[in-house]
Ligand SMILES: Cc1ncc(COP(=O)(O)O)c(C=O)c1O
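What follows is one chain in C-alpha cells, specifically the form predicted alone.
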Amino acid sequence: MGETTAQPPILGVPLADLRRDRTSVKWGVHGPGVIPMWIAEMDCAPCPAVVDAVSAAVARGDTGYALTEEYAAAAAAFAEAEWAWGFDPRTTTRVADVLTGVTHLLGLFTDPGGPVVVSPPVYNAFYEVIEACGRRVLEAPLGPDHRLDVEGLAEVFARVTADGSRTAYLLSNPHNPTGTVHTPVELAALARVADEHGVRVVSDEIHGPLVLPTSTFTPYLTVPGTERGVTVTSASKAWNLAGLKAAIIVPGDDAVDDVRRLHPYVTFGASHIGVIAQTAAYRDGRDWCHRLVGELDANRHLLAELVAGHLPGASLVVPEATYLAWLDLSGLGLGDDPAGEVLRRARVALSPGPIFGSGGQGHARVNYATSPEILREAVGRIASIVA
C-alpha cells in the first residue's frame, strides 16, 4: 500500500505570503512591520470546497441576486449533523451578516431608546450595533470565572423591566472574547430568568463550529425554555468568509411569527456569491473545519506556553472555543493602555480590552488563528519590550 500524503496545515501560511497576498482590513490597517492579531480574520489557507464553488460560479457568470433556500437547508443539515439541533429551514430568514440580523431583531424586540443587556467583557460590535439602532446598553458582567452570572442577570433584568420596558439580551455563544462555552445548565438558567422578566434573548452563535475538543457546544435553542429566543449565525467565522456575506436567523418555536414580521427587504443583503460560498462550507467543508479546530487546539496550548514562559506578568484565559483569547497585560508595567504600547513598541496589533466593556481595562484580545511561527514571533516581540 502507498503512503498517505499528509495534508498541509490550514494555519501554515507564511508571514511573507500574508503580507503580499492579503488586502483585507486585518492586513491593510497597520504598517508593513506590524503583526496583526486583532480583528477576527484567520491567517488560513482557504477551504477547497468553497474555492471550487465560488470559482465555478464566477466562471459561469452566476453572479446575480441570491436565492437562499439551499443555504438555509445546508445550515440546518450542518446543525443536525454536528450538534443534533434540528430546526426547520422554512422558518428561517436569511440576512447579510450576523450583526445585520441582530440589528433587525433589536428593532422587533425593543423600543427606540430602550435597553439591551450584554455581559462584558463581550464582543465590542455589540456596543456599536446597540448604539447604531438607537438603543442603550446595560451591562450584566460575567462572573470572576468568566462565566454567566445568572443572579446578576436576574437583578439587571428585574430593574430594567420594572417600568414595562421591552428588553433584549444579546448572548455571545460561545463567548467572545473569553472563549467561554456556556453549558446547558447555564443556558437553561438564562432562559428561565429571561422568561420570568419578559426579556427576549438573541444568541450570536457565529463561533459555534469552533468549540475546541475539551468542550461541547450547546446551541441556545436546544435548551428547554428557549422557545421565545432567536439565534443568528453564519459560516463566516469558521470558514473565514467575512467578505462573502450571508447569515441566517433561526427563531425558537414561539418566535417564528415574530421573525416573519421582518420586512422582506432585510433578506436582500445576502450576496449570491456569499450564499454559494457558505452553502459549500456547510455542506462540503465539515472535514476541513474539523481539521482547523484541531490546529486551533494546538495553537491555544502553544499560546498558553508562550505566555507562561515569556510573559510571566501576564495572565491568559485559555479559551474553550473560538480563535480569540483574553489576555491580562496589567502586570507587565505597560501603563493604562498596554495594547497601545504593544502596538507602538513591539509592532504587534491586539484588540484593546476597554472596547469589550467593563472589566477590559489592562486587557487585550489576541487572535491566535495564525501559524505557530507567527505566534512565536509575536509573543517574542512583546517579551522584548518588558524584559
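Not measured: the values here are computed from a predicted model. All residue numbers are counted from 1 along the displayed sequence.
What comes next is about the form predicted together with this ligand, which is not displayed.
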- Quick one: does S236 come within 4.5 Å of this ligand in the model of the complex, counting heavy atoms only? yes
- Query: Is there a heavy atom of T279 no more than 4.5 Å from a heavy atom of this ligand in the model of the complex?
  - Reply: no
- Task: Indicate whether this ligand has at least one heavy atom within 4.5 Å of a heavy atom of H104 in the model of the complex.
- Result: no
- Exercise: A40 in contact with this ligand in the model of the complex, heavy atom 4.5 Å: yes
- Ok, H207, R135, R300, R94: which has a heavy atom sitting within 4.5 Å of this ligand in the model of the complex? H207
- Which residue, F78, F217, F87, Y123, has a heavy atom that falls within 4.5 Å of this ligand in the model of the complex? Y123
- Query: So, L99, S172 and N176: all three within 4.5 Å of this ligand in the model of the complex by heavy atoms, or not?
  - Reply: yes
- Looking at 236-244, 138-146, 70-78, 291-299, which one sits within 4.5 Å of this ligand in the model of the complex if you count heavy atoms only? 236-244
